[in-house]
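Before any questions on how it binds or moves, here is one chain, the form predicted on its own, in structure tokens.
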Amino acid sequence: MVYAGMSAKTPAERLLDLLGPVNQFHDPVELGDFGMPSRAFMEDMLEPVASAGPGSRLGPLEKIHVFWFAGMSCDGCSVAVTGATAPSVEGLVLGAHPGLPRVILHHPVLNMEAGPSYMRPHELAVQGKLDAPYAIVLEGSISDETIAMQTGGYWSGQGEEPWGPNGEMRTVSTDEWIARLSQGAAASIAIGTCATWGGIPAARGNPTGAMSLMDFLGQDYRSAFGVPVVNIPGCAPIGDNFTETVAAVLYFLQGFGPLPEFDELGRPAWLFGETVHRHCVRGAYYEEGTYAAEFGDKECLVEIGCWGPVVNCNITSRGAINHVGGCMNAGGACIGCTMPGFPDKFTPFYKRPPGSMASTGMARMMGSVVRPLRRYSNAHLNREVRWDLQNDTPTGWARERSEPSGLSNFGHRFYDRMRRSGDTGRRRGGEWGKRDEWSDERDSSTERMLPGGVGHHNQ
């Protein structure tokens, strides 16, 4: 494995130096209908029903090709993206969003064409003959193909091209496609933790030299439009995080605004600027010092292995699919899968992080005071004013419900006086909700409605 500082060239440059240039490609005439069950490219099939087109174009781009490559991957990122809703993959492909160009997706699983017919747009992009700009998306980590080449093999391949000796067919690795296409790409996007940081394939003990797209292309990489590598981490990522970022970048490429804010690691800052814990549905339990003892408990999960307080992710606020689900929302502890240090710096999973002991200890001390005070206030605020005046709660759900004691009433009277001390519009008298004159007024009102009372009139 070659680390930074050992060579002035990036891994992508070293790979291309070994492979050399290419100038032979499939003859489309000889292919016929091979790999074309519909006898048409998916782009041609979708164009008649697409919303976007020359007549609706609002910017310089009518369409943009997106080449999706799978490195060392489980395909979980593809599954996650197909569940995106804001925007959906279908909306992007059909150009349903005003101002956005149609996305011509080239995905090894989703496309109908196969074999050399599927690889044809890739070849045109390498030759610089594609009919529109293109972007590349990597799912899964980049392997060091120079290691596999030493024994005549490869780690992850995508298609065959006549790029071998004397024009022989050979498998083209994902890494080679990216190395050849990245310089002309309008944008290079890494989806999922494997592609953004290396992920599980890059964990200690791997023999592949696995790395991220950012490591592969190098610190100085810029796309043809001047954009560094864009990273959307997650294992698997939230589908909406990816499609929303793609839409934001496309608006920039279309000239409708500046490039949105990304952090120092290329993550969308508006999506990964906060930690899991800050928006966690269980965060209040942490504040009150109550923690789950086992999975299935409703309290904060820190003490059974949750790394949420130090992990950048929006899963708790956005949910997994269509704002539903997500790790902590569904009872799972955060294991840091969006972070560059995953998995090596977070193992063993589901064990209490050592650093949490100090914070949870202090939260327990504070919570032992805060929790009783909040229960005390909650009991008072769970009573309607009329019930306080009548000293009776007319509920049929708890017939044995006890009424507040005299000591409790005294405490709430004192608390209400403090609460209303700055209320300039208050009436003279006792505190709100416990004013004795209300009882007097109620009795007087009742008396006026009785025969012979002030409010009684004889006709």
Partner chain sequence: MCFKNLPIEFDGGGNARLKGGIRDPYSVSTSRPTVTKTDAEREAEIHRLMAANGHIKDINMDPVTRVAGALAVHVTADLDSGRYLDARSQATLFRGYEVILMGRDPRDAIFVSSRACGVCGGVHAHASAYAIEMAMGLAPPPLGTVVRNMQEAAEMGYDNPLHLYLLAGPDYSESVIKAANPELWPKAEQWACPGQVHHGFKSMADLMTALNPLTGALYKEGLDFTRVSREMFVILAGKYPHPQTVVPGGVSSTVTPQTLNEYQSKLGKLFDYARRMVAVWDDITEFFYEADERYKQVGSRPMNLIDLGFWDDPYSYDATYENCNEWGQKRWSSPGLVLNGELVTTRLTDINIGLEEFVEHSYYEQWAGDRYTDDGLGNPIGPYHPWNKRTLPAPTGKSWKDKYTWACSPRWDRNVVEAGAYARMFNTAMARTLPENDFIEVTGHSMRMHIPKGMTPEMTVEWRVPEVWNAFERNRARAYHYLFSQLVGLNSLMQAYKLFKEGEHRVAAVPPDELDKHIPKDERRGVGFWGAGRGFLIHHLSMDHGKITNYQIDTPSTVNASPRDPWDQPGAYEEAVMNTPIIEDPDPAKFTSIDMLRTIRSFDPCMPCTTHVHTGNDTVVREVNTCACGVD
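Residue numbers count along the first chain shown, from 1. The shown structure was predicted, so the numbers you read here are calculated from the model rather than taken from an experiment.
One more form of this protein should be noted, the form predicted in complex with its partner chain, which is absent from this view; the next part is about it.
Annotated contacts: D75, A84 and V93 all touch its partner chain in the predicted complex [non-hydrogen atom within 4.5 angstroms]. The partner is absent here; in the predicted complex, the one residue of P207, G355, G164, P98 having a heavy atom within 4.5 Å of its partner chain is P207.
Only one of the listed residues (G273, G218, G153, P372) places a non-hydrogen atom within 4.5 angstroms of its partner chain in the predicted complex, and that residue is G153. With its partner chain omitted here, the record of contacts in the predicted complex names 43-51 of 59-67, 43-51, 391-399, 413-421, defined by a heavy atom within 4.5 Å. Taking non-hydrogen atoms only, G325 approaches its partner chain to within 4.5 angstroms in the predicted complex. Contact check for P121: no non-hydrogen atom falls within 4.5 Å of its partner chain in the predicted complex. Of the heavy atoms in V281, none are within 4.5 Å of its partner chain in the predicted complex. Contact between S377 and its partner chain in the predicted complex is not found at the 4.5 Å heavy atom cutoff. Contact residues in stretch 267-306 (any heavy atom within 4.5 Å of its partner chain, taken in the predicted complex) are R282, A293, E294, F295, G296, D297, K298, I304.
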